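Here we start with a single chain on its own, the form predicted on its own, put down as structure tokens.
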């Protein structure tokens, strides 16, 4: 084996020598390579020396350090952040400029472990103020998101050829077609239960036939669009938040921005368009299935299906159908917009995506109920 081969095969190590300086300080002389593979032998030795000599000034002499990477910087920061008296600090001396630049990026004082005493609890007024500040920031973020999304949608309307229609149709499949079974099941059970719960007391007065009016009005005007929107908020809204949140955690959104692509136009607009196309159709589908569920109950009460449908046609008209379908576009924008917004707000960490999905579902359902109440008030004023 040649001398060059021996030099390459020899493991790179870091050495530590401890000595007393003439000024009374304690010197820790580091030499060699400070990297993740070589510092294990000297890190704990140096840390023990720093903790043992608490009353003496510690000087870390790094003049003989040939190489220092992130592992070596972590060791130096750990030594500098140890809690010590002000008269006995830990200082680093002689580190090469390129390595000192890495070390200067960190503030050891801010990385010190908290003191043993528990942190002081906030007073009730402070907690209320902090919660109000969080709500205010969230409202400001939502307003900015509404403006940015509106601009992106207007751009898509003016330039439809710039819309990624392939992604729109794929999202329509995920939001609409794949949601048909759960929407059908819930709508059928909803019509079945409403008809049964109302037919039992009305049977005492021989008015079972009027259950058809109750089912038709409640399904078409309120429960059909609202229950469909709530189902999609829990299904598609959470999926949007999880998808975009995962992209945020994996730095894919930053990659889009680096490539000159606007994440709102690239991701949010396609999902909002898909929701606008599918939610009204799902609402109409839920209305039909819900009325059919009520018909099944009426058959069990000896009311023919034809009489049930004729009674619905007598009281319920197209105006009631459009009163429910008019809510669908607003619900679609809320579901897709809130889901995408919570995804874009995803923080770092293992639980960040789950938190964003939960926030999307909770805030989406709350806003759906609020908007439904606004529609009810407007219909009352307009006598619709």
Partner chain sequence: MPADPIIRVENLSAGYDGAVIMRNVNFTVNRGEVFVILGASGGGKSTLLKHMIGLYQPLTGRVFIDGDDIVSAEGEARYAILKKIGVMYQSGALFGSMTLLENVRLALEEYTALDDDAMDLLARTKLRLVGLDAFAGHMPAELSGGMQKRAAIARAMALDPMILFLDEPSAGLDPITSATLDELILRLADSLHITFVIVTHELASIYTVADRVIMLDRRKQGIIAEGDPKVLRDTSDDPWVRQFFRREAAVEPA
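Quantities reported herein were computed from a predicted structural model and do not represent experimental measurements. Numbering follows the first chain given and starts at 1.
The form predicted in complex with the partner chain exists for this protein as well; it is not shown, and the discussion that follows is about that form.
Next on the checklist: I'd like to know if residue 254 sits close to the partner chain in the predicted complex, meaning any non-hydrogen atom pair within 4.5 angstroms.
Outcome noted: Residue 254: contacts the partner chain in the predicted complex.
Checklist entry - Even though the partner chain is not shown here, does residue 259 get within 4.5 Å of it in the predicted complex, heavy atoms only? => result Residue 259: yes, in contact with the partner chain in the predicted complex.
Next on the checklist: At 4.5 Å between heavy atoms, is residue 166 in contact with the partner chain in the predicted complex?
Outcome noted: Yes, contact at 4.5 Å.
Checklist entry - Heavy atoms within 4.5 Å of the partner chain in the predicted complex: does residue 301 have any? => result Residue 301: no contact with the partner chain in the predicted complex.
Checklist entry - Want to guess which of 90-98, 156-164, 127-135, 172-180 is within 4.5 Å of the partner chain in the predicted complex, heavy atoms only? => result Only one stretch qualifies here: 156-164.
Checklist entry - Can all three of 40, 43 and 51 be found with a heavy atom no more than 4.5 Å from the partner chain in the predicted complex? => result No, none of the three is in contact.
Next on the checklist: Which residue, 284, 194, 247, 103, is the contact with the partner chain in the predicted complex, using a 4.5 Å heavy atom cutoff?
Outcome noted: The residue from 284, 194, 247, 103 that makes the contact is 247.
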